[in-house]
Ligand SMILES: Cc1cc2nc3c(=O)[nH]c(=O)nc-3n(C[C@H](O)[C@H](O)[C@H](O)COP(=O)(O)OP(=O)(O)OC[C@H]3O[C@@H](n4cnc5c(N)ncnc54)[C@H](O)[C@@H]3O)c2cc1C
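The chain that follows stands alone, in the form predicted alone, written as structure tokens.
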Amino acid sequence: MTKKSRPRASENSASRHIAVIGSGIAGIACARTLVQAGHRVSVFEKNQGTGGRMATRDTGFGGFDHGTQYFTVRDARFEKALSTANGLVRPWSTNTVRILDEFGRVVASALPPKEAHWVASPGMNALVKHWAEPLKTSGSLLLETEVISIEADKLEPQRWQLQTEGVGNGSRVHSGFDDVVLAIPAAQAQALLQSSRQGKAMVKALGKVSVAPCWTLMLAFPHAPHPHLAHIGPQWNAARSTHHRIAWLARESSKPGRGPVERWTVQANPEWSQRHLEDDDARVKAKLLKAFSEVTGIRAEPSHAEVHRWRHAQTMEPLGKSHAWDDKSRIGVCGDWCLGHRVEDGFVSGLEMALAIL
């Protein structure tokens, strides 16, 4: 059988083996749907854990949701999936998200959010981690394993093989895949397909997607200035800012299931993050800490301060459809960037990618 005559899913649905590259919410939603339909799935993740930007940084002062801050629920399929989360998802009372001017003054906060803000507990990574657990238990989740090439299987040219680099086990080849799904950032998917000389039309389409970076600052203040104060600084728990550096601030300790230590997550705006993308951590930390003080009025020295750079954070120009699928080559791509940048966008993208395969 030649590479051009790959079997359709319906022709051999009982024995299909599908590779999913990436274990963010899109990748795990896709993988779990395929497994539930009776297929064999292998998930490849280059990092130490699942979740993508639904990430939590654990420290001695408590956790920081240094990627996704919260999510909303609009799609009935997402709502149904969340019902399987065994109480991990809880509403976050943000006490109304404020809109701040350049100097930290509240300019809008008249109405509470029109829809609930939800978080996973004890950290945002708990939801995807929970959904990925069956894959991990069955040995279908390969962590710290980066896919560096997609090739025709040397023994079965009608299938695919993946070349990987893994921590501790070096270079390996994983073979026998009927389908391949790239559930990774658009730029990474484009680069992998291009270097592997696969999916020319898909590579061109991905070139139109634009995703901005984001620098994130994490701060902990374990000692309030007065023993009777529950927290320091402003009375709000979350705000969008028009400061020239900062776009978002959230009091992490206000989220349900978190520890009591006063902690803040601060996210820079896309324009500033892009301009300072290659700055060193110390320089970025100093600039964002200064901006945080200007916006919140908190002048105390934090006991903990660190930054994290997300190279692919906020979708500026989406793909415009939930996924891209080449039925001839049996290769597809999915991710929140297909539709936008919301958590639900990632879930819907992964789900509909799986349905396209089925």
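Residue numbers here begin at 1 and follow the sequence given. All values reported here derive from a predicted model rather than from experimental measurement.
There is another form of this protein, the form predicted in complex with the named molecule, and it is not shown here; the text below is about that form.
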| field | is_contact(residue 75, the named molecule) in the predicted bound form, heavy atom dist at most 4.5 Å | value | no
| Is there a non-hydrogen atom of residue 341 within 4.5 angstroms of a non-hydrogen atom of the named molecule in the predicted bound form? | yes
| Might residue 313 be said to contact the named molecule in the predicted bound form, defining contact as any heavy atom within 4.5 Å? | yes
| query | Does the 4.5 Å heavy atom contact test between residue 44 and the named molecule in the predicted bound form come out positive? | reply | yes
| task | Run the contact test on 22, 71 and 185 with a 4.5 Å heavy atom cut-off to the named molecule in the predicted bound form and return yes or no. | result | yes
| note | in the predicted bound form, the residue from 146, 79, 281, 133 with a non-hydrogen atom within 4.5 Å of the named molecule is 146
| said: Please identify the residue among 62, 67, 318, 302 with any heavy atom within 4.5 Å of the named molecule in the predicted bound form. | reply: 67
| task | Can you check 209 to 217, 153 to 161, 256 to 264, 170 to 178 and let me know which stretch has heavy atoms within 4.5 Å of the named molecule in the predicted bound form? | result | 209 to 217
| request: Could you list which residues of 239 to 253 come within 4.5 Å of the named molecule in the predicted bound form, counting heavy atoms only? | output: none
